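Given as structure tokens, the chain that follows is alone and in the form predicted on its own.
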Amino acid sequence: MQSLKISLKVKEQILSKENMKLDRNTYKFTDKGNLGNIALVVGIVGLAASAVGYIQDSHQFYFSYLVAFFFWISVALGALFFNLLHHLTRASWSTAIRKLTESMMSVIPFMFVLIIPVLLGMHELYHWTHEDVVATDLVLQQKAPYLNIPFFIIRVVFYFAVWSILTFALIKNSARQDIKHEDSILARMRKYSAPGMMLFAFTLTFASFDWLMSLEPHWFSTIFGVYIFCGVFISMLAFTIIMVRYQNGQGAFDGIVTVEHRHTLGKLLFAFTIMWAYMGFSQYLLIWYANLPEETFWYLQRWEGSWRTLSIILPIAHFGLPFVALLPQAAKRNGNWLLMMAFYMLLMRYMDLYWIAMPTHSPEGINYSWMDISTMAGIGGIFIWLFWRKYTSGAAVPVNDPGLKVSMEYVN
């Protein structure tokens, strides 16, 4: 099968825009804008401020950093899942945004560097790392073969190795396809995606156990990994919607990513918001109905002080309001409304992660710190800079993918 090129008619339509920023032949950006540079400055300033915060209060720093780190790696991991799903299902509608999501997941190997502070702060984050505590706690003694520092670090290396190998394999073959289309390249990416999907499910589940659930090592939930996955995919969808809208505003995506694509992204955001609520309620219902002290204490802790207010607000703000706001078809096709909801859902994702992690640090109630902002800005700035640098370094779309023309003509 010969490579299917973009038709001349559609190509002329795209390039006729006055504010077009893609080269006529290569589809590379001729003007990358200032987003990357601004993000880098914000990232450096945020990390520098966080370093000052570490000197002042290291305990607060580590918890703030963990929440911020997991928030941003969620976007990258969600993009990895999206690309695995794209190739595995041979989807065509998502071809037009494939380079965008590939650039998001390309940040994963760099996030391995950014997790180092979490590893350095294990003693302050996870009380199962305290030998004196384990010595007097029968439950932690039983869990010690799994919850110990050497094995924890080995698992972190394993998770990032799996994610980085999958990322490298997909991006490398995508780059080959940009040079020349061959059916074997698409077949190879599908071949990687099948076992990759299973490895992704396994590694994300255990990473969520390790990095978040083990903050309270006495508590356990077999549905926690699925709950976190829903949040991971919501984060990626929201970030993608924002980037698509930004590109449309610059004219770069005109004729490539249309209202039909935004509509589908909106439907996915709506669907996974419902799925997040379903998983969260299922977890709560089963634990509360069983009424086992070793499980219910986790929710009781989040019913103390000001955590009670957040526990009430979270299901309403993360599910109730988005459900109503995204239910109408017109809402998912309105670019400005969908953009606002994407920013809102990222805020809700942060709120959810904060609710999961911070009661361990401040059980008496919410104690929001300026380091919660500085760590988010620091890691987020570096994340967006790396993403933008990758995205603007090559073709903005997979020009030789036979599904591109179909994607550009996609109608819901």
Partner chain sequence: MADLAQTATKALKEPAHHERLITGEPSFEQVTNAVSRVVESKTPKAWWVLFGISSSATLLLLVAIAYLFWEGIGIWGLNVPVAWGLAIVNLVFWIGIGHAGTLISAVLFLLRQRWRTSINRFAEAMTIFAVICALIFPAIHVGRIWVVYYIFPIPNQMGVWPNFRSPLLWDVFAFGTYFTVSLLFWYVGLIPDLATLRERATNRIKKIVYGVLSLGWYGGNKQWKHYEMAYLILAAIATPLVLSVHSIVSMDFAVSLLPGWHTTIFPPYFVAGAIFSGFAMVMTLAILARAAFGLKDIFNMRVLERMNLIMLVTGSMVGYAYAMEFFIAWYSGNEYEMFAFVNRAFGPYAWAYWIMISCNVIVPQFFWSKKLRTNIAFMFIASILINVGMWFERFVIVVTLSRDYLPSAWGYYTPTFWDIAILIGSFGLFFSLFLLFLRFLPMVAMSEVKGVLPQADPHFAGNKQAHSQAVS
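What you are looking at is a predicted structure, and each value in this text was computed from that prediction instead of being measured. Positions refer to the first chain, counted from 1.
One more form of this protein exists, namely the form predicted together with the partner chain; it is left out here, but the text below deals with it.
In plain terms, the part of the chain that comes close to the partner chain in the model of the complex, with a heavy atom within 4.5 Å, is 196 to 204 out of 196 to 204, 106 to 114, 178 to 186, 249 to 257. Using a 4.5 angstroms threshold between heavy atoms, residue 214 counts as touching the partner chain in the model of the complex.
Using a 4.5 Å cutoff between non-hydrogen atoms, residue 309 does not count as a contact of the partner chain in the model of the complex. Of the heavy atoms in residue 225, some are within 4.5 Å of the partner chain in the model of the complex. Within this chain, residue 336 is remote from the site of the partner chain in the model of the complex, having no heavy atom within 4.5 Å. With the partner removed from view, the residue among 324, 300, 135, 292 that has a non-hydrogen atom within 4.5 Å of the partner chain in the model of the complex turns out to be 292. Contact annotation: of the candidates 245, 99, 263, 86, the single residue with a non-hydrogen atom within 4.5 angstroms of the partner chain in the model of the complex is 263. Contact annotation for 279 to 294: residues with any non-hydrogen atom within 4.5 angstroms of the partner chain in the model of the complex are 279, 282, 283, 285, 286, 287, 288, 289, 290, 292, 294, listed in sequence order.
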